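What follows is one chain in structure tokens, specifically the form predicted alone.
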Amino acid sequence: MQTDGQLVVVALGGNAIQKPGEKGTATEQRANIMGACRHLASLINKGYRLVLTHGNGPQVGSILLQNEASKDQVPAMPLDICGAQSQGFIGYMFQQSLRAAMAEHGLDLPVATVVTQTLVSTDDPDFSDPSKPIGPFYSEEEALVLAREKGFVVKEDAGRGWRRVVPSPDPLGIAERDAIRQLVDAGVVVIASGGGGIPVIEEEDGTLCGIEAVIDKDLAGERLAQDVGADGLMILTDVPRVAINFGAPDERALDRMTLAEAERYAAAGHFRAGSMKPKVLAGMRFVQSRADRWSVIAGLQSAEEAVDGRAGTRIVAG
């Protein structure tokens, strides 16, 4: 496939940073990120221009735990600032690792992280019934105290304890899109919108204000891809393809899905919320936005094949 310098937004799943069962030490996360960056460097070596985005769930969870543990000595920070903190340190590790991985191909391109704000609306229905669990588990008594004293919304989480829940609104736009475009045009590999971006609302005077929420990173990655004028959207996760009847004896992996097929499968409940559903929705939205755009959902280990159409599940218009 001729790349023609195509611009691709790559959305990396949590397995690119922290794998199940790991403690999340800096050493573990650096090693995982370096492994992911070797795949990304191969794409850059093929001629693709990349903008990267990534998850931050475990990392923000750890920051919130640190807030809780030290609250009597250090003031706890609100969720938007915790998200910004995670973007910074994850971006730092990606910057170092990607430069090292590119050097293995003889490439020397600048890499920069943009602390990114994502615009949302308080009219989003998720603000009326928050559903995204974050942070540590509590007993029911502890959770009700937090609800009373701090105004948190708390819910029981699948028999594991009580947790704070926050809204997960739909992303409407990337506040830093012009800056990201300028960096891309200058030949910079950009890391942006980490963890879905920092949720912000726009006040009447045009100023931006952080809000307590969490944005799905795949949906935000799709919004980023549209806002920077990308040609392709590649969502890398921990499964090789999208499947229908997942986990059942008649499970079937898909190499290709038309928009009509994806809509039908989603309506039938084949894609779970918080897992494959937002990935498929993100891919559908991107393909719908312009006829010549492409989207693929694939395993991290097959990134090089997926971008060429030889692995993963490609979503096409028809």
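A residue's number is simply how far along the shown sequence it sits, counting from 1. Quantities reported herein were computed from a predicted structural model and do not represent experimental measurements.
Just so it is clear, the following notes concern the form predicted together with a small molecule, a form of the same protein that is not shown.
**Q** Just one of Val189, Ile211, Val166, Val239 has a heavy atom within 4.5 Å of the small molecule in the model of the complex. Which one?
**A** It is Val239 that has a heavy atom within 4.5 Å of the partner.
**Q** Scan Met276, Met284, Ile44, Leu64 and let me know which has any heavy atom within 4.5 Å of the small molecule in the model of the complex.
**A** None of the other options qualify; the answer is Met276.
**Q** Heavy atoms within 4.5 Å of the small molecule in the model of the complex: which of the stretches 27 to 35, 64 to 72, 44 to 52, 263 to 271 has them?
**A** Heavy-atom contact with the partner occurs in 263 to 271.
**Q** Is Arg223 close enough to touch the small molecule in the model of the complex, meaning at least one heavy atom pair within 4.5 Å?
**A** Output for Arg223 is no: heavy atoms all beyond 4.5 Å of the small molecule.
**Q** Does the small molecule come within 4.5 Å of any heavy atom of Leu79 in the model of the complex?
**A** No.
**Q** So, in the model of the complex, is Gly299 in contact with the small molecule at a 4.5 angstroms heavy atom limit?
**A** No - in the model of the complex, heavy atoms of Gly299 and the small molecule never come within 4.5 Å of each other.
**Q** Does any heavy atom of Ile134 come within 4.5 Å of a heavy atom of the small molecule in the model of the complex?
**A** No, Ile134 sits far enough from the small molecule in the model of the complex that none of its heavy atoms falls within 4.5 Å.
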